[in-house]
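Given next, in structure tokens, is a single chain: the form predicted on its own.
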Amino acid sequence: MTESNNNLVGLDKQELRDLAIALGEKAFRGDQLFRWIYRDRVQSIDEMTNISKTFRDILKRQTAVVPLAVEHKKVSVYDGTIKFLFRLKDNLKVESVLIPPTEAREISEDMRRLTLCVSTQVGCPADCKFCATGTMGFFRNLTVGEILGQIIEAGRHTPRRISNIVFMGMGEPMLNYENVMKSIDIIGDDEGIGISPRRITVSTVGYVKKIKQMADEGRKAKLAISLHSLDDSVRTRIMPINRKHNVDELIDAAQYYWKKTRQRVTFEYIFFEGLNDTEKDINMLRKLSGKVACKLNIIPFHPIYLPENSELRETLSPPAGDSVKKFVNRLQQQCDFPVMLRSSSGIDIDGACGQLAVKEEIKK
């Protein structure tokens, strides 16, 4: 067993088969365990009723099904978004957000969509200046079981099936690459959680080698890149990763990904009033169309706590009036790729993009 504390949650199908054999059973018992854990979401070994009591007793002596503890949840009074605070085995905490479809999306796209925004780390080392998670510092990576536990437990709090997973919560997924990809394999298994990889999105601030690795491995999950500016000087100010991988390297990696996978890249672009919304920015974004197959999501900046000594405290400003809508309209007129204005779900519960943070862990 590789998952810590003998927790069965986090083991893949082959690991569960190996476990069954090691305990004196046939390999197919591992498949049964897999279905009980991920498809049926049992909370104890005793619930696995098609497994003999003898084998269940053996399992209970050596293993357990350990649910992720829900510390509390908040529900938005405006849009029904639910934010979960999960307590981990070492008493650290992470947040996840369950996002229902917006009214506009219900009419035009898919009334059945229900998206869970999943965390991959406790805190985040990327230290993007506009993201509340970065104010926490970094503690550790989440295990596979802790990643999957968010999906399993969130699913208990809704009568509807979770249809989409976005790795856009706390942490940088590419810095926990192996656990994230193993999680996606289990999520996408029809006998497991059963959400198609085509409905799973992995977001990164721009770790070029991992983007290329994801392409080389033929991963079916979608890729989203946090772009926010094509001007190196601006991007470096708000995203320290740009010192390591500048804009040209990032676009090259996106091109590589497209050529290898033929899957369109999503660029995420947070709109900051007066910082990345100029005519120069529009011209740079327009030129993306000749470089990589993509779509562009524009996200209004959601104000967060920033330390008093932050040089960007007075610089990072949310949209004023309808400025973001005008910006999107101009891009839609000039770009030959899709440009969309993302809805801001869960603002009243600090559950919108960039707002996730465990308050007691924020760096002083």
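Heads up: residue numbers just count along the shown sequence, starting at 1. All values reported here derive from a predicted model rather than from experimental measurement.
Just so you know, the form predicted in complex with a small molecule exists too; it's not on screen, but the next bit is about it.
Proximity to the small molecule in the predicted complex, taken as a non-hydrogen atom within 4.5 angstroms, holds for one residue of Ser96, Ser229, Thr81, Ser226, which is Ser226. Checking Asp277, Glu153, Asp189, Glu268 for any heavy atom within 4.5 Å of the small molecule in the predicted complex turns up a single hit: Glu268. Mapping the unseen interface onto this chain, Ala253 falls outside it, with no heavy atom inside 4.5 Å of the small molecule in the predicted complex.
In the predicted complex, the small molecule sits within 4.5 Å of a heavy atom belonging to Ser203. Residue contact with the small molecule in the predicted complex: His302 places a heavy atom within 4.5 Å of it. Not displayed here, the small molecule is approached by Phe130 to within 4.5 Å at the level of heavy atoms in the predicted complex. Heavy atoms within 4.5 Å of the small molecule in the predicted complex are found in exactly one of 211 to 219, 170 to 178, 288 to 296, 244 to 252, that being 170 to 178.
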